[in-house]
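The chain below stands alone and is given as structure tokens, in the form predicted on its own.
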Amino acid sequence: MTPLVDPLPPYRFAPLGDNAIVIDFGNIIDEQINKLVHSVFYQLQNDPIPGMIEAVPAYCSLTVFYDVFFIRNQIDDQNLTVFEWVRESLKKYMSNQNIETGDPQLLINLPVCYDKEFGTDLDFIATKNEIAIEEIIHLHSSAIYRVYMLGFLPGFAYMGLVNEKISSPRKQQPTPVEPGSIGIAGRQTGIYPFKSPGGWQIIGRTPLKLFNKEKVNPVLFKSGDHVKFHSITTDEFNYLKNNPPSPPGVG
């Protein structure tokens, strides 16, 4: 096997309240670290530690929630706390990080209308970065982005990394954002699944519905997927809004 990360980067275990533990690789946006996080996540999905409730992957950390009372009854060594027992149980997953396992990654092709009607902050990015709007659209839509994590809102995908030429700071004050809006914050790009206050610079909007509670898997994305944006016209936006593809945007 070819090691996913060799050598294994430094990490630490930290408690989160009384019923969770965090495996933390530091404060960084790095694809290899994120793959490592997902490798541990998928191993736990396939072979959970006793008493595990759920595991939640993030950019560079994995949080494992557990049943304190169940685990307390599993501990033979009374000198161990619940946290210490969970920490020792998780160490076996940290010694074999050779391949990323779990569900196959998807490449999701997502239509985006970058017209100024939807890309309300294109002018700001163009002025601040001294770049033409056409170049912003080209750079944003020419890359393939990794979904590093989901959060903030159900189905909100944190993706990256955008080209440095279109990197933009968050807004100082949140403003109302429409569902499907695509934004940039730093070198991240993301999509708002619902109407919400938001501080990202908005550059376009997708007509696709990103969260559907009627489906078994209500969220279009999952962590580890890849996303490719492609530019569409306003007419195409309106057509897709009323006639969404099925399954939406998956290639």
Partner chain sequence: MLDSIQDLGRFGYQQFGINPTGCMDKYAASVANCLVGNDVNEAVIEIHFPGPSILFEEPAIIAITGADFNATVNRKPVPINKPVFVNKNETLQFQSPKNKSQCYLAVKGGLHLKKWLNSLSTNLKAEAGGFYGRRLLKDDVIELNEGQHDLNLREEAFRVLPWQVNEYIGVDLPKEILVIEGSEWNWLDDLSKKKFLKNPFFISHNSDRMGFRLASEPLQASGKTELISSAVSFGTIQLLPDGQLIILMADHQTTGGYPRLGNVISVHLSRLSQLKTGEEIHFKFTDHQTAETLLIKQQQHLLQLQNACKLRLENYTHEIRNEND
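Computed from a predicted structure; not experimentally measured. Residue numbers count along the first chain shown, from 1.
From this point on, the text means the form predicted together with the partner chain, which you will not see here.
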Contact at I33, F124 and Y145 by the partner chain in the predicted complex, all three, heavy atom at most 4.5 Å:
no
In the predicted complex, does D18 have a heavy atom within 4.5 Å of the partner chain?
yes
Please run the contact check for P50 against the partner chain in the predicted complex: heavy atoms, 4.5 angstroms, yes or no?
no
Would you please decide whether P179 lies within 4.5 angstroms of the partner chain in the predicted complex, comparing each non-hydrogen atom pair?
no
Do K228 and the partner chain come within 4.5 Å of each other in the predicted complex, heavy atoms counted?
no
Of the residues P57, G198, P207, G183, which one places a heavy atom within 4.5 Å of the partner chain in the predicted complex?
P57
Can you tell me which bits of 190 to 204 touch the partner chain in the predicted complex, meaning any heavy atom within 4.5 Å?
F194
